[in-house]
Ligand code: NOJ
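We begin with a single chain expressed as structure tokens, specifically the form predicted alone.
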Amino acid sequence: MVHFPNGFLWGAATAAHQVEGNNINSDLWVLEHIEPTLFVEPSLDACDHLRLYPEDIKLLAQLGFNTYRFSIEWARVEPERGHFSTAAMEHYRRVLVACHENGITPMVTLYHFSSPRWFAAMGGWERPESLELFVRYAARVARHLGDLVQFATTFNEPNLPMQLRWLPITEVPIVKVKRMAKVAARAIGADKFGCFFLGNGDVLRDRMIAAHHRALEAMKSGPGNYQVGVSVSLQDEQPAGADSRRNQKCAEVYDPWLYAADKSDFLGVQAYTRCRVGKRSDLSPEPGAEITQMGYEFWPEALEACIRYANERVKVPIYITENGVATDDDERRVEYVRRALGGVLNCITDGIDVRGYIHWSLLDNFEWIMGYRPRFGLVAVDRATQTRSVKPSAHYLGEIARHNRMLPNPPA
């Protein structure tokens, strides 16, 4: 098979905090601007997407894509607890309108890691009332924007805290993390800084799964008729040795959210690499492996493995909501995409219901604690001028999207 199914979604993704700029009411903005911090630099203006979204969406359409996945920033919509910004809601409504005007299917994410700083100050997701607060936010967004939404996910990679627990202890700067959290709490006048990245994984899992189901119901009760799912972070988990705890890791990190997704309209699969699981934790890549700017292995075959793992556990349609590679070598990005999409076609040929591929990311952007060094984008951004430069990989993937089939060769 070289053709993808009719109606297949082809797109690229961004996240509000990573591209919009000056998200000053968020918890991550606090962490970026304290000392000590694990962030190598602050986000500041980011890609100025808050202002330049019309040009970015138009460019996406011109390249041949039909879908844009972006997040709505809770810290803009509800900058103070119980006080919602109509201006922020109207901004995201204009983004949705721009999608429709350019023939782009919008897929919105309600929570892409960042929270309002007041939410962090009250303790974040570890507080019982966090569930109701998120559901209230989701319902408000649904009422204001639901008539223009076509797909929505409640959470982006809500299983990430559990995934991070499997990192080798030598890669986790525990002392620095605790110091940063204490300084952040003092900075906002709180007893504890309740950031998603710093939370108790077990508590977050149970509370956010409940929040997902409740938020899905709230969104369905509003205007519009759209699909609601959740995007889960997966890796191609491979056992390293007879005493590998690979199965235990999968059961802890992935399965609870996959079973939650099975009660949703669809599952978003997000996959980038493989991971070798040893007796106690993840292991480093094998000597000689090609390493990306994120420090993990160049392994596009992970996408096929993760789709197959998810399909064994859920019976809802699957959309690839993130897949890509951090590199300055765009030829390697083209190769990554070619091999990853080959795996997607293998899954579709075997009858797995995969309905879309959304690349991470549209723009080179702010990559959390690593700052602006990792380059995931199909489009480069000169942050001094905010000039966009389209990479060959964007044309390659765009032509695949335009023709809905694999190309025999990348463009020259």
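Because the structure is a prediction, the values reported are computed rather than measured. Numbering starts at 1 and runs along the sequence shown.
Another form exists, predicted together with 1-deoxynojirimycin; not displayed. Remarks below refer to it.
J.: In the model of the complex, does Gln18 come within 4.5 Å of 1-deoxynojirimycin, counting heavy atoms only?
T.: Contact with 1-deoxynojirimycin, yes.
J.: Spell out, yes or no, whether the shortest heavy atom distance between Phe113 and 1-deoxynojirimycin in the model of the complex is within 4.5 Å.
T.: Phe113: contacts 1-deoxynojirimycin in the model of the complex.
J.: Heavy atom to heavy atom, is Glu367 within 4.5 Å of 1-deoxynojirimycin in the model of the complex?
T.: Heavy-atom contact with 1-deoxynojirimycin at 4.5 Å: present for Glu367.
J.: Under a 4.5 Å heavy atom criterion, is Phe134 part of the interface with 1-deoxynojirimycin in the model of the complex?
T.: Contact check for Phe134: no, nothing within 4.5 Å of 1-deoxynojirimycin in the model of the complex.
J.: Thinking of 1-deoxynojirimycin in the model of the complex, which stretch from 270-278, 138-146, 283-291, 115-123 has heavy atoms inside 4.5 Å of it?
T.: In short, 270-278.
J.: Quick one: of Phe65, Tyr357, Phe376, Phe70, which gets a non-hydrogen atom within 4.5 angstroms of 1-deoxynojirimycin in the model of the complex?
T.: None of the others qualify; the residue that does is Phe376.
J.: Need the contact residues for 292-323: heavy atom within 4.5 Å of 1-deoxynojirimycin in the model of the complex, sequence order, or none if there are none.
T.: Stretch hits, in order: Met294, Tyr296, Glu322.
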